[in-house]
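One chain comes next, on its own, written as structure tokens: the form predicted on its own.
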């Protein structure tokens, strides 16, 4: 089996290593960074900066913990070096993994010549034609830049220009209140910036549970963040060191910097998809079935390019499933990837995480559910740690007790959600969580209380 992969992000790397184990000859083509540009140039740097911001926040809270604060200050050069060192280390470990597994890695740009031939235009100027029995396209995505935004990398930024920016913004205007947008609000608020957030709808995180979004909005407002709800940015102008954002309702916001966080677009152009007969939707994504197969039976798409959940964890699992299917091992229904059971997290403060069926979605579907909620304000570990914000919410089937989903808002929500995710995936019952003998004192005790 000759398996060619274009794109070395989480999906491509996982597919490559799994396919090799199953006996395929694998060639992987990557033009930017092994490990994925969206992962190593967006996700990892943002979380590294958030981690630094968390230390600053904890330092400011130290008086409430019985300590005297000594006033830490951010060093952008040190932060930049730290982010680069993490990225280099992860990319190097990925490269070593692929080499150890016998994957042929070509650094360059890949495109179709026909449905069974891929051309790699290598970084050294050479061109290689590769015959393929199966092809996986996992070229990812990049930040979306609207026509009215003249990004200059100085005062008007996209996400990848903010890890970190050249200077800490005095007043940052964030356009976009989805996951990326609210993480940037939190990040730069921790670094001492004044922050304004343009919210096109009537709540931040419009795709999330309104109760969850309300906790985050309250925290933003308490910390001085200005929310411009029901406003859609339509222009950005720069005059010297000042930027002005104009909204469609006439509101004008002035600040020192603007950051665009209004989604991403797939990297599907340049692949010469028409030569292979692969179709895209109107946005450029490649529609796939439950095996990640495109309209051409031996050509797959995974990761952001597939238009499914844009999560590294989902991309990795897609990659593994693609390798199994390509090698003829994935024929059972239960082996299909269930996107409704993917856990996700938002690294704000407090953290937000959810998995499975949401309460609002259940009501919209007219489905009967049982919802139990426990605040961290009654949890001993949360009180000891000095951060009792948030809650645990578990959604279950009232007839069977099977866990259908859940949301967590609070410290370490991104870790705690794994318990509910396991319950959802394994069809466990609330009693299975409640009967578990957990550590005391621990935040996880709130999970057992919510399952009671």
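Numbering follows the first chain given and starts at 1. Remember, predicted model here, so these are calculated numbers, not experimental data.
Just so you know, the form predicted in complex with a small molecule exists too; it's not on screen, but the next bit is about it.
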Notebook entry, point to check: Of the options 296, 247, 227, 109, which one has a non-hydrogen atom that comes within 4.5 Å of the small molecule in the predicted bound form?
Noted result: 109
Item checked: the small molecule: the contacting residue among 149, 342, 243, 271 in the predicted bound form [heavy atom, 4.5 Å] -> 271
Margin query: Can you tell me which of 397-405, 32-40, 410-418, 52-60 lies within 4.5 Å of the small molecule in the predicted bound form, counting heavy atoms only?
Written below: 32-40
Checklist line | is_contact(residue 223, the small molecule) in the predicted bound form, heavy atom dist at most 4.5 Å | finding: no
Checklist line | Contact of residue 358 with the small molecule in the predicted bound form (heavy atom, 4.5 Å) | finding: no
Next item on the list: Consider residue 213 of the chain shown here, and say whether it contacts the small molecule in the predicted bound form, taking contact as heavy atoms within 4.5 Å.
Entry: no
Next item on the list: Please run the contact check for residue 389 against the small molecule in the predicted bound form: heavy atoms, 4.5 angstroms, yes or no?
Entry: no
